[in-house]
Each structure stands twice: as structure tokens, then as C-alpha cells.
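A single chain, nothing else alongside it, follows as C-alpha cells in the form predicted alone.
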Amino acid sequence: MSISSRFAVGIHILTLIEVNKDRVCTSEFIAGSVNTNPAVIRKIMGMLKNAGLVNVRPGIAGAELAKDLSEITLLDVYKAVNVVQENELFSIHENPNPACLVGRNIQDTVSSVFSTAQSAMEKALETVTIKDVVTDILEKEKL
């Protein structure tokens, strides 16, 4: 199982809005770039709006970034689209056999490792901004 694609789509949306800031970015336009249904884009845009990352006006086509792109980190996007609940990136199977040495101890043993791993991933996401993503994409197009 992988992290929900909402995360990557959220990054895609914010990046596309910035790259095309001089044009109207409708959900249909964004959906064409993501290659998905506009309804999916509207749902994720709602999540990004609720997190204060985009401004969307009902009845008026288009969206814009609510913050400077250098202020939006990938961790902000990750949290905005509800990829996972707090400290739940890694699931631990429920109800292992308490009569078994491993079964009765596995949850306590791996939960701290899982928490540390999630924390490290989130710290890495916090160091990358949408500006970094936009810059990288525009540099790739120069080649």
C-alpha cells in the first residue's frame, strides 16, 4: 500500500497554479494536466482551500495560491490532503497472539521505530517548498 495519490495531486495542483498564474486555472484545466476527473480536482482543491493554501471563489472559475509559493512546504500539502492521521503512517496489525512471545511484544517494539520514521519523513517534506518544485520543473524544461 502506498500513500494516497492525493498528496502528489495536491503538489501538482499548486505547481500548475503557479506556473500558469497569468491564466485562469479551472478544475477542468487542472484535471487535463493531472489526467483525472474534474470532480477529483475540486475535492482536493477544497482540502487545499481549507488548509489556507489556495483561494477559490464559488461561481468564478479559477484558483490562486493563498500564500507565497516559498511559504508552502510539501508537509503543508501532505497535511492538507489528509494523507494519514497523526502518527499513523505505518499501521500495526491488531490483535497479535498474546500467548506468543513475538505477538505480545511486537506492537510496542515497532511503534517507536514507526513513529521515528514518520517524523523523519515529515521533516524531509518540511524542507521542500512549492517554489522548489516549480523551479525544478522549469529547469527541466530548459534542457
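For the two forms, the rigid core is made up of the largest set of C-alpha atoms that agree within 1.5 Å on superposition. All residue numbers refer to positions in the sequence shown, first residue = 1. Note that the structure is predicted; figures quoted are calculated from it, not measured.
Same protein, other form: the form predicted together with a further copy of the same chain, not shown, and the subject of what follows.
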Partner proximity in the model of the complex: Asp68 to a further copy of the same chain, non-hydrogen atom cutoff 4.5 Å: no
In the model of the complex, Ala51 touching a further copy of the same chain (heavy atom, 4.5 Å): no
a further copy of the same chain contact in the model of the complex: Arg104, any heavy atom under 4.5 Å: yes
a further copy of the same chain contact at Arg57 in the model of the complex, heavy atom, 4.5 Å: no
Interface residues of 3 to 29 toward a further copy of the same chain, as seen in the model of the complex [heavy atoms, 4.5 Å]: Ile3, Ser4, Ser5, Phe7, Ala8, Val9, Ile11, His12, Thr15, Leu16, Val19
Asn95: Cα shift of 2 Å or greater between this form and the one not shown (core-aligned): yes
